[in-house]
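The chain below stands alone and is given as structure tokens, in the form predicted on its own.
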């Protein structure tokens, strides 16, 4: 990554971009010597051990945490970094957090190595988005691993904590216009010093939260993950020696870079852009704002900028860390899919030239807390479109790895709070996006509910787990239909809709939700755009009467009551015992012309109830006979007529 000329990227006035050579205090001794030649067997054993250490790091966090967003949904990341903060590998979790852990660590090396110093047993905590987090809730921990007085490497993680303060429960502050209306930002501080937790700083961090016990448990789970990873790396060094292990680490990154370089040779030089429009800087705003990412491929490097993006405004911003992380997440899926999380080689081949003062690369004091719900998914969506266009121009087999643009801006999540049946305050986060819909590709349909591609390890909580965590009852969770949204030669996965009602509590407040006014993604190479994410509320329904009669409502339209006008960003709404609400993660974009879809695939969707015969004719021009089979002759004629009509409509 490179710094834009004449602009200071220091993590204070604006986001942090590390220089090519870090300014590290000479007091800190780094272990840089790596064996040039490691025999193949030792290399494979040490390589796979390192990757498995990182996986164990993540599994430790998941097993010991207690918040649903971490324990069930796996909204976190862990990584092993080199002595100078370069990412070697990351886990199968929230991909855009991997690069951020590298930024935090490099900032620490430059700004903490002199004072207060970096020592064995230290753990640094950071939730400052201008240094390197996506928003304040995604708090990073990074821990140096020393060997005989030299800093050998780092182990790091970032966890989404349920509440880190600020004026709104859950810390998503929709009304913020400055960072001072957001949760507190902590630049890197020593949470642990020489192996001991600093109680004063731990209390300072927990004191901000409405859920200090939950956050404390998750924080200690994250520390445990660091401890496990550090211990395993030390044992690996004891077995093979520091120079051998460092040689393996260097070779892992070099091999990843070589694999990326070979893929880039399959892509012609050129420039690809994607623009996504979003709405509502704060509740009540009716403005429309643009996110744009441009990728230039020249030889063996990719150059990324965000020129064309709207100026920073309201509460839809993220910092440079979010821009880089979201872009690298899309690139990881389409360029580093075969590297088992070894992303460091990819990062070497990408150079960022960001435009500051924009909604995707904001300057201080823009607020950032809401980024994880609204703006980070938008950056991933924008980057996915640009990267997909580029990869679709590649030679095979890389071309087949392009995916249609995923409308991850349609997050489908919601944040709510109240007092549960036990008299305890709770903050809930329904990660509706975890149900997922994978977009189409040049060779296959997307997966209907396959999770999100940019969080490979994410899983949707079972409805029973949601009901255990919060005072709610799930009325239904079901697939969307395969209509026009996401149609193409290959269609998107279907996504899902779910509806809830209160159970065990008289009311709660829904602080964050989204009801999209328009579709925000585009199809690829003739594919249809995806669907619209909605959030619906029906007040004063007869749902309790239905349940008493043994009926489980399966559609809001079947219930009495009044519909509440909902907005993309609206004010908090109070939900009461007879209210029902539903949210939707829509179909994403399709790939290729729907008129080129194999009629046999259309017939399968019809037979499985995913598509009606009427939609099959309207969207795909597939005609069915009286016996329910495809009428191939009339289908060919209908498709030819549609294509001829398109040509006739052209000027």
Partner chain sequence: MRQQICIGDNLRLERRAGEARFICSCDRDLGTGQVNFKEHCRVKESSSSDIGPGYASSDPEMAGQMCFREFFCPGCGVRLTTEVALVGSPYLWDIQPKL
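Bear in mind that the values here come from a model prediction, so they are computed numbers and not experimental data. Residue numbers count along the first chain shown, from 1.
Just so it is clear, the following notes concern the form predicted together with the partner chain, a form of the same protein that is not shown.
Original post:
Pick from 414 to 422, 456 to 464, 140 to 148, 264 to 272: which stretch has non-hydrogen atoms within 4.5 Å of the partner chain in the model of the complex?
Top reply: Contact-bearing stretch, as computed: 264 to 272.
Subject >> Partner-contacting position among 29, 618, 59, 48 - heavy atom within 4.5 Å of the partner chain in the model of the complex >> reply: By the 4.5 Å heavy-atom cutoff, the listed residue in contact is 618.
Subject >> Residue (of 476, 337, 518, 301) lying close to the partner chain in the model of the complex, criterion heavy atoms within 4.5 Å >> reply: By the 4.5 Å criterion, the partner-contacting residue is 518.
**OP:** State yes or no: in the model of the complex, is some non-hydrogen atom of residue 349 no more than 4.5 angstroms from a non-hydrogen atom of the partner chain?
**Re:** No, residue 349 stays farther than 4.5 Å from the partner chain in the model of the complex.
**OP:** Answer for residue 426 alone: is it within 4.5 Å of the partner chain in the model of the complex, judged on heavy atom distances?
**Re:** No, residue 426 sits far enough from the partner chain in the model of the complex that none of its heavy atoms falls within 4.5 Å.
Original post:
Even though the partner chain is not shown here, does residue 112 get within 4.5 Å of it in the model of the complex, heavy atoms only?
Top reply: Although the partner chain is absent here, residue 112 would stay clear of it in the model of the complex, with no heavy atoms inside 4.5 Å.
Subject >> residue 357 within 4.5 Å of the partner chain in the model of the complex, heavy atoms >> reply: Judged by the heavy-atom cut-off of 4.5 Å, residue 357 is well away from the partner chain in the model of the complex.
Original post:
Taking heavy atoms and a 4.5 Å limit, what residues of 271 to 305 are near the partner chain in the model of the complex?
Top reply: Heavy-atom contacts within 4.5 Å come from 271, 272, 273, 274, 275, 277, 279, 286, 287, 288, 292.
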